[in-house]
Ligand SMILES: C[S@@+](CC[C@H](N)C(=O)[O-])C[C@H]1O[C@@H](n2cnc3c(N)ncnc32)[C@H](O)[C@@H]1O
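Only one chain is shown below, in structure tokens, and it's the form predicted on its own.
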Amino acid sequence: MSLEFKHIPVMSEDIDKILAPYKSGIYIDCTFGGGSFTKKILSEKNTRVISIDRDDFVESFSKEIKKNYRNRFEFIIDKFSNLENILKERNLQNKPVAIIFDLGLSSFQIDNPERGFSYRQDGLLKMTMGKNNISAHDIVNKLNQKDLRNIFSLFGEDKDSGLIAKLIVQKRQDKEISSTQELAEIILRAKRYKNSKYNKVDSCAKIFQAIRMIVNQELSELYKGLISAIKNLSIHGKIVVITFHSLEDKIVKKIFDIFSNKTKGTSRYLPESNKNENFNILEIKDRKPIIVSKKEINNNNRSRSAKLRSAIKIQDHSFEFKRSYLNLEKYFQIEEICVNK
């Protein structure tokens, strides 16, 4: 079955407007998914696309594109945090003219109960996108109550984080929590604490998303991927990022602001020793993100939280950038703690 029937690309018209007119050269699609953006770029003359995806499920579908664009398309199973190594290994003569990140889950990931992403379907607790060290089962059954509360509070922004963490720990004393429906029921039990008739299944969404972000190290992946993209993009090249979570958008905004020398509200991120470093590498035409249209939301409700930011590279020079400049260390540290436990 073609992925075109299982995944609706988000904000494709907006991305098309940003990339047009399409230059000759190499494009990097860091989140291949259903391949929609890749196919659009390849439909333009004199373009070459290197597509990356950590999910080996989509490899078979990349072969369909390879048949039509044998000499202009390459698919790589890897994390986009390894972008710099991927480019070095290929020893490209020219740097990419555009690098695209679409951070949303594909519909074929969400709708497959065997992947364990959805609270609406019963399946094993997995939530792995590929090349993972841990699964949702590990998070739910091995982390202590404090760590679970921190994940749900900081990544899920759920007001009942403490109670949900407590109920999870209590439940697993009897037996392991192994299915998405078991976890969803625990979340609903916490929500019913003050209202016994509460039954809004969608209230599970934030907790499931928070666990998924930890399992896949999504914030660290984004940080590493963006910094590599800035280093390796050509002059006048474009970076395009679609986010679906406030923390993702915050990382993109802060990185773009710092590298465009937007001093207002940005200089406080940098230590005194680095405030004179030349980060004037990007140009941002609009600091406000593009949000998804009502028309697109009506056609695809899953797109409702999407935000798009883009930047153009105007200078190319070496720089030293530390993760701590983003002032989001507590989030990155939670990711690290949970993976290493």
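For every residue, the number given is its place in the sequence shown, counted from 1. Quantities reported herein were computed from a predicted structural model and do not represent experimental measurements.
The form predicted together with the named molecule is left out here; the points below concern that form.
For Lys313, no non-hydrogen atom is located within 4.5 Å of the named molecule in the model of the complex, even though that partner is not displayed. The shortest heavy atom separation between Lys307 and the named molecule in the model of the complex exceeds 4.5 Å. In the model of the complex, none of the heavy atoms of Glu296 sits within 4.5 Å of a heavy atom of the named molecule. Taking non-hydrogen atoms only, Val49 never approaches the named molecule to within 4.5 angstroms in the model of the complex. Per the 4.5 Å heavy atom criterion, the named molecule in the model of the complex is contacted by stretch 49-57, the sole one of 49-57, 66-74, 296-304, 280-288. Note on contacts: among Ile230, Leu87, Leu105, Leu167, the single residue with a heavy atom within 4.5 Å of the named molecule in the model of the complex is Leu105. Comment: the named molecule is not present in this chain, but in the model of the complex one of Asp249, Asp160, Glu221, Asp257 has a heavy atom within 4.5 Å of it, namely Glu221. In the model of the complex, the named molecule lies within 4.5 angstroms of at least one heavy atom of each of the following residues of 18-33: Cys30, Thr31, Phe32, Gly33, in sequence order.
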